[in-house]
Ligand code: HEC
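Quick heads-up: it's one chain on its own, the form predicted on its own, in structure tokens.
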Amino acid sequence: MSNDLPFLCRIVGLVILVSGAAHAVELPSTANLQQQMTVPARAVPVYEPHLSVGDRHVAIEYVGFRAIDVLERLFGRDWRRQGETVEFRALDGYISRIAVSRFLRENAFLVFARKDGKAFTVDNLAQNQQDVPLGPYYLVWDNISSPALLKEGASKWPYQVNEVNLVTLSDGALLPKGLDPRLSGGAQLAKTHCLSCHKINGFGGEKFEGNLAEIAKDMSEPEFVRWVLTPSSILSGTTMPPLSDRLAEGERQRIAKALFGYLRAVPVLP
């Protein structure tokens, strides 16, 4: 019997892996997607958050499709019932997780080119990067018709997207048993502002190594707040973006301190 266990474990693991990936779809080439869609690609004007600083809004027109139309094409008409979250995975390890309900409330587009024919790249000012490739796909939001979206900056604008998943996620890694339930707000802030790139106890993006719950415990609150608000003051040339400058300074301070309080409290899980 013991000789069979490794084989059986591999079979069970394979079943779990396949089950967990059932809704994962690698995006087709842009030419293929245009052939599959029943409507033509359209011009999408937005204020580009990677280029907009302070009160200066830089408008760019991209070309693409409504995100909900692409999701329906990829997953079928019942896509919104196949998971609570749409997960966009990028070539660089960035993972953006956005509630299905948001796509029903706000206008999002999966774009693949600029309307003016210029290179499909962007200068990511917050991350000290120039001519960053946006393709194969870039998720953008109509922040011209919905000015409230401007305050978010670029936090839900993943580029280099090559895979889309429909998932229902557990917060067990972020809110383990025994943790003060009042810290759930800090966990939500971490999901919003940190976990597209970083991880907490294995949950999060795949762009950087390390467990934020462990890293924060080696920092003082002033040092952590400074790291979150002005990363380049901690590490010159860093690609880590600061919290959006569209938020009031008091709100930025509040978020940074709430993140620190949560990360200091959450246990580091093996």
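Each residue number is its position in the shown sequence, starting from 1. Please read these numbers as outputs of a predicted model, since none were measured by experiment.
Omitted from view is the form predicted in complex with the ligand, to which the following refers.
Student: Only one of 46 to 54, 59 to 67, 31 to 39, 210 to 218 gets a heavy atom within 4.5 Å of the ligand in the predicted complex; which is it?
Tutor: Comparing against the ligand in the predicted complex, the contact stretch is 210 to 218.
Student: The ligand is absent from this chain, but in the predicted complex, do 193, 196 and 240 each have a non-hydrogen atom within 4.5 Å of it?
Tutor: Yes, because 193, 196 and 240 each have a heavy atom that approaches the ligand to within 4.5 Å in the predicted complex.
Student: So which of 94, 157, 103, 75 gets a non-hydrogen atom within 4.5 Å of the ligand in the predicted complex?
Tutor: The option sitting close enough to the partner is 94.
Student: Could you work out which of 188, 146, 127, 121 is the residue within 4.5 angstroms of the ligand in the predicted complex, going by heavy atoms?
Tutor: It is 127.
Student: Indicate whether the ligand has at least one heavy atom within 4.5 Å of a heavy atom of residue 228 in the predicted complex.
Tutor: Answer yes; at least one heavy atom of residue 228 falls within 4.5 Å of the ligand in the predicted complex.
Student: Tell me, yes or no, whether residue 224 is in contact with the ligand in the predicted complex, where a contact means a heavy atom of each within 4.5 Å.
Tutor: Taking the distances in the predicted complex, the answer for residue 224 is yes, it comes within 4.5 Å of the ligand.
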